[in-house]
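Take a look at this single chain in structure tokens; it is the form predicted on its own.
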Amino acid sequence: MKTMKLGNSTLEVPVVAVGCMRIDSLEKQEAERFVQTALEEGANFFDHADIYGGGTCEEIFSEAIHMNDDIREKIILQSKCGIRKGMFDFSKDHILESVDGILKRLQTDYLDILLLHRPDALVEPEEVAEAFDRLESSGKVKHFGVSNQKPMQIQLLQKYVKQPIVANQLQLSITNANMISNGINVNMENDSAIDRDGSILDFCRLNDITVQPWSPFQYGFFEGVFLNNDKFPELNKQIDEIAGKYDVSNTTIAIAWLLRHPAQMQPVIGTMNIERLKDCVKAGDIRLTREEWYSIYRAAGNILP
């Protein structure tokens, strides 16, 4: 698979990350076959979170991949922490405790990347800095990032944290593209002009932070997928026409649309279907034309001023 640098780090990663939030829906042999296929396809970047399946997803993954030193050298592991029942928690003690639990469940000594999951209103960045320093010095975490954070939150964190923020995981898809639309509709009096995230896309580009789009096939907030959905006839017609041109599936084109953006994003796919996984991997070999990219954007109901 095509690779890229993660943020301003030296870490070389696949352009598509494999999200493991739903791996607990697979039987043991299915999970083994899925992760083995991912490795065969070059999709060796696996995204986790301590809340996925209440921690069971990380356990299932480590068992499915038959974690050992040899396997660990061939994969890139990312996990997230900070979400607790009824609250968010970026306290030093919780971060440290969470990472220890993650490492135990993944049967590894270190994470390649740790992301802070959802902003904590009570965050004390000095504590985060202490936690990151301890995790880095102990070798438990190599790189750090955030999830669902806007520019000022990241800047506040960076005031105290000495480690570079290499990634920001954000919801983004063809149908959930406000962070792109508000940049197109500058100075316009329409809903698309509303900046709901503080120009986070431009901020990440300016600061060499890799945007990791999550739910790249979803519309709304986990309301369903837009592909082959009767609610989006024009969008699916356009995607299907372009898919036919490249002789690939509509899944491939939906990911290729994100990869075409010059921000050099790394979509996090959540499928547990092997064929769709392969279709996502193929997106790395396709570069949509400007005309194709904008035709899909408009077909989704997005407007040009």
Ligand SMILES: NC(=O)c1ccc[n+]([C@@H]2O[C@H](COP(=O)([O-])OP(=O)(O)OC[C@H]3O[C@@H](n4cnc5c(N)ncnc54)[C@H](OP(=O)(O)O)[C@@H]3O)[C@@H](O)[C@H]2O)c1
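Note that residue numbering follows the sequence shown and begins at 1. Since we're looking at a predicted model, the values are computed, not measured.
Separately, the form predicted together with the named molecule exists; it is not shown, and the next lines address it.
Participant: Name the stretch: of 208-216, 229-237, 93-101, 157-165, exactly one has residues whose heavy atoms fall within 4.5 Å of the named molecule in the model of the complex.
Facilitator: One stretch meets the cut-off, namely 208-216.
Participant: Though the named molecule is not shown, can you say which of Q153, Q107, N148, N178 has a heavy atom within 4.5 Å of it in the model of the complex?
Facilitator: Selected option: N148.
Participant: Please identify the residue among A64, V248, L259, M272 with any heavy atom within 4.5 Å of the named molecule in the model of the complex.
Facilitator: The option sitting close enough to the partner is M272.
Participant: Is there a heavy atom of M21 no more than 4.5 Å from a heavy atom of the named molecule in the model of the complex?
Facilitator: Heavy-atom contact with the named molecule at 4.5 Å: present for M21.
Participant: Using a 4.5 Å heavy atom cut-off, state whether Q169 contacts the named molecule in the model of the complex.
Facilitator: Yes, contact at 4.5 Å.
Participant: Is it the case that A263, even though its partner is missing from this view, gets within 4.5 Å of the named molecule in the model of the complex, heavy atoms only?
Facilitator: Heavy-atom contact with the named molecule at 4.5 Å: absent for A263.
Participant: Any of the heavy atoms of V268 lying within 4.5 Å of the named molecule in the model of the complex?
Facilitator: Because a heavy atom of V268 falls inside 4.5 Å of the named molecule in the model of the complex, the answer is yes.
Participant: For the stretch 77-110, which residues lie within 4.5 Å of the named molecule in the model of the complex by non-hydrogen atom distance?
Facilitator: Result: K80 alone.
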